[in-house]
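Heads up, what comes next is one protein chain in two forms, each shown on its own as structure tokens, labelled structure 1 and structure 2.
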Structure 1
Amino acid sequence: MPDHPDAAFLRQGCEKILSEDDFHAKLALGRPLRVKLGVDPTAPDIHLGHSISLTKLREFQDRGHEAILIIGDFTAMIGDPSGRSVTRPQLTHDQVLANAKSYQEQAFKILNRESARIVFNGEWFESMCFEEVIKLNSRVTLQQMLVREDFRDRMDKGQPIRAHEIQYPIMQGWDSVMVKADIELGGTDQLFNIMVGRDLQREEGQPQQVCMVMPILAGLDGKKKMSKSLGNYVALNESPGEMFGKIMSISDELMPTYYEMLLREPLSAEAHPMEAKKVLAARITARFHSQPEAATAREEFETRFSRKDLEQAELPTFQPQGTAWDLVSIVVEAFGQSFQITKSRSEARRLIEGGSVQWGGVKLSAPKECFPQAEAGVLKLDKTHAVRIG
């Protein structure tokens, strides 16, 4: 059987497809396939890491298939144990719903809004009674669940695995049954969960879904996977400036990976690393904002960080209230008012003593000094934060 014309395109960037034969068979059906992607709204932001699978989902949409985005409002309360060495904190339903709302909005930066189907899995889990839960559980064995790498790991290290955690793969699998998924997308860490879906579908007499896993995007630190809780992420709804800046902070070693996974093209060997990084940053920024905004972000970045010209940079204005403020108070207030960052006075003091706080390019290292209120100028707070005063 010759490959389906879309096969090569759709498999691009995939780490693994299980199974290849099923994949071709599904495409050969000639009807729009139900392609499932589950996301758990455990945090309010979707980031570049999520964008990998979402982009793949979009590609399916563009080829006429049906995108089913499952918002795991129910599963999010359990927390996916994937890749975790410790139990996740559980969220309340309200937190989850709030997150889900902003998730959808951000997901539509990638997905085609018109043809996407959004489903909350609370729809079927919420009404399940205990008997049904037991029945569902009887379909899998503990051994099956425990072969999972992260469970194994925790067993070996003597770390606790709570009984509810092993429910997660079962629930995710059940989602596949409920939406009759033809294909499920996910990161490589989802492989196990997706395979459980296949098992459950077979049990239910459904055709089994194809498992397509995408590589995991490394975080800005280049070491761990991109995730909200590790703080090494770029959210899709960040400002162009922040987005550009964050990407500029990745290491050269990480760049080829980002090129391949986010731009789907190889990094040219002769490009200057910094220039290549600016191109990368600009293209990603343009993708989630716009071309002009990305260009502006680049210019801003260059004046501010390359030329270190804070005078010309676009900075929030900060007007200290009251009189006779010492430096520490000014710094704390500036962080709070202009950036919504809470710094303790001790932290501010450390920054000052460390030489981070500068007034017109001159370090102010005496925390107790009174601040020269009358003058206007730029107060640099730390590497990435500065305010204009006056």
Structure 2
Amino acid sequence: MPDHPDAAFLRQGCEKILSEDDFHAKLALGRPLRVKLGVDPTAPDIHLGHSISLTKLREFQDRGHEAILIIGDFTAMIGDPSGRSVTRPQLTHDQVLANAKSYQEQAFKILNRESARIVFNGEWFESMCFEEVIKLNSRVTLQQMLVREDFRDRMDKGQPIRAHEIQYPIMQGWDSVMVKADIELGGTDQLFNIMVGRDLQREEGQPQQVCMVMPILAGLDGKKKMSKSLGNYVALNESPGEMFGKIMSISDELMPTYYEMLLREPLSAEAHPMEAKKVLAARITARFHSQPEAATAREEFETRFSRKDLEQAELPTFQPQGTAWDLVSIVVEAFGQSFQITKSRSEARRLIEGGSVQWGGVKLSAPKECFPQAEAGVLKLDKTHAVRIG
């Protein structure tokens, strides 16, 4: 089958499509496709990692297809076990609905509000009686659930798998049946759940959805996937200055991945690393705020760090709360309180020993050194973060 004119564009950035033949057949139908993306509002913020699939959904919107954003008000109370080594803490329905309101506001930084269809899966799960739940569960075997890599790893390590976690892929799959999805988007960690949806659609006599999975964006630490719980994220509702500064904190080694996944273009081999990082930070900041705000954020960053003029810069005020005033404790607390960035004591010690931490322009290189409690001034934490004390 020849390629549909939109196929190459819509395929960009996808890690895997199951199947390519089905994808072309769907596009050849000549009607707007129902393209589904499910999000669980387990926290109030959407971050850059979420933006990968949301951007793909917007691309389908721009080609005239129906964007269906499933707000998992019921699935969020379970919590997706995909990629998790432990059971997620359960949320109340009120907590989930409060997060959902924030999610929608942030999602429309990417999606076209006018043509997006927002659906809460509580619409069908809330009215299900226990008999219907039992019948739905009977369609999936325990063996199917336990072949999942994350479940298998937990079993091998003797870690518990709660019975309610096994419900999650079934519920996500049933969402696809209820909205008659033609295509479902998600990260690579969603592949199993999306395939369950295909199976349930087939049993219901529906055409099976196409599975389009996107790569997982690494967090600012470059080690684990971007996650608020890990403190390695950039939220879409952060201020322009904070967004710019966080992106500037990534390593040079992570930049090609961010260029490829967030800008959909390769990082030039001739580009100077610092300038390339500033361009990346400015373009991402402009996308979620505005061009003038991105320019101001860059100028402020350069004032603070490139021109070494920290005394004149706008910095968050930090006041240590604990009784421990050793330098390692101060650095850990400053990152957490002022930037919501989680730093271990060993990470803080490395910053200090490497000469990154400065007080009044003077490097502090002794981790066990006691911080001067009575003094006021600027504490530089690393190349992109500084706080004002006193």
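Please note that residue numbering is based on structure 1, beginning with 1 at the start of its sequence. The term rigid core refers to the maximal set of C-alpha atoms that superpose within 1.5 Å between the two forms. These numbers were taken from a predicted model, which means no experiment stands behind them.
Participant: Would you check which of the pair is the form predicted alone?
Facilitator: The chain shown as structure 2 is the form predicted alone.
Participant: On a core-based superposition, does L10 travel 2 Å or more at its Cα between the two structures?
Facilitator: Stays below the 2 Å threshold, so no.
Participant: Spell out whether the Cα of G354 moves at least 2 Å between the two structures when the two forms are superposed on their rigid core.
Facilitator: The answer is yes; the displacement is at least 2 Å.
Participant: Align on the rigid core first; then say whether the Cα of K343 has moved by at least 2 Å between the two structures.
Facilitator: Yes, the C-alpha moves 2 Å or more.
Participant: So with the rigid core superposed, the C-alpha of A334 shifts by how many Å between the two structures?
Facilitator: Its C-alpha moves by 11.1 Å once the cores are overlaid.
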